[in-house]
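Okay, so here's just one chain, in structure tokens, the form predicted alone.
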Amino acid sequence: MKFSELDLPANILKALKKMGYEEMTPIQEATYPVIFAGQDLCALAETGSGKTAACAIPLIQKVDPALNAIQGLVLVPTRELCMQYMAEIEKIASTTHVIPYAVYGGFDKKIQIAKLKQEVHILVATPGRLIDLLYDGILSFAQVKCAILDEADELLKVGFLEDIEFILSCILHEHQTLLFSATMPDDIKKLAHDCLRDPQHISLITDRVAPESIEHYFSYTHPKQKQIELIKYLEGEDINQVLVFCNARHMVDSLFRSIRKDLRDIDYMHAGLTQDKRSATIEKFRSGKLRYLIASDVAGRGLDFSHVSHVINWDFPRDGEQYTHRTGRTGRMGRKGKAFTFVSKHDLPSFRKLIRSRKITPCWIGKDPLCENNTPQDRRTQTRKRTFRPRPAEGSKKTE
């Protein structure tokens, strides 16, 4: 279905056309009538499927620009996602009089307060900074028509849940609530339902959790051999951009220090860095000035890196949800991508659980630890043959 087939105002259609948005993605087509009708919604769709625009477009339609008040509230778990969400709304609303704004930690609160005292129609926020502003008496939710929780499963976990409950309790009148995510563990589903009123449920991941656009490779490797195997893997791949995930900040720092001598155009990012440093690194990565980015899971949710061809799990993900969000930084909007994950002996129980829960068909590079005999014939059936190619010459980087 095309956006032009919807009853959208001409100015919004003009903005969408400028952004190259013509055909609706499945999640956009499925959720638009529900959101526009004012119903509560819990929507699940794979990463990179267009969930941000799915709720941003009808949200902008609902706003009355003549009313100087916050009418839409969007909650997200990270600063980076907050800025990205804000940028998407800003583009879609560029031909309207709807004014979006984002508030998050690590930025001067006085500047944010000054802006909020002027005119804001849609507020995108991280929970911590939003609660600070609520306690300061700066905000009024009296005119909020719609509240959106993006990456809802993360926001409803311990650590965020009390903040989310408090924020939603500040909207005293009936309003529409929308929950969007790529994953929704069973223990979070009840909490999600508690936030909603007679909701519609839309899931496009019931039969297939892992996007078909991503190939999933695994390497059974001793921890001391991982760096050698990583360089070998990268040298044999046709790479555009690579995102490497570690489970902790100190591992990000350590891997960056040990591997930067082998790779050009590389940087790192985690929550221990200043917001300016994190923002600058993401901008360099998005603009193609970096080819390799080593990161913690601060880069693992929601962020749109359209040129990432490979995601590498240096550390095995803690659970299936984390694996889905990490690997979802590639293969976005139907593009092809590859996920490569190191597996050590103690990771095998988690690996078995992962491939069952995420419905993944693994391709082993080298030994398949689950094949008992590992005869040459077994390896041919269990392991995809790889031909290593020289790394492309400097300056020959593929572009989208």
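Residue positions are given as counts along the sequence shown, with the first one as 1. Note that the structure is predicted; figures quoted are calculated from it, not measured.
The discussion below concerns the form predicted together with a small molecule, not included here.
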property	result
Stretch from 185-193, 122-130, 312-320, 84-92 whose residues place a heavy atom within 4.5 Å of the small molecule in the predicted bound form	84-92
Q28, G48 and K51 each touching the small molecule in the predicted bound form (heavy atom, 4.5 Å)	yes
Partner-contacting position among D297, E215, D304, D267 - heavy atom within 4.5 Å of the small molecule in the predicted bound form	D304
Heavy atom of I12 within 4.5 Å of the small molecule in the predicted bound form	no
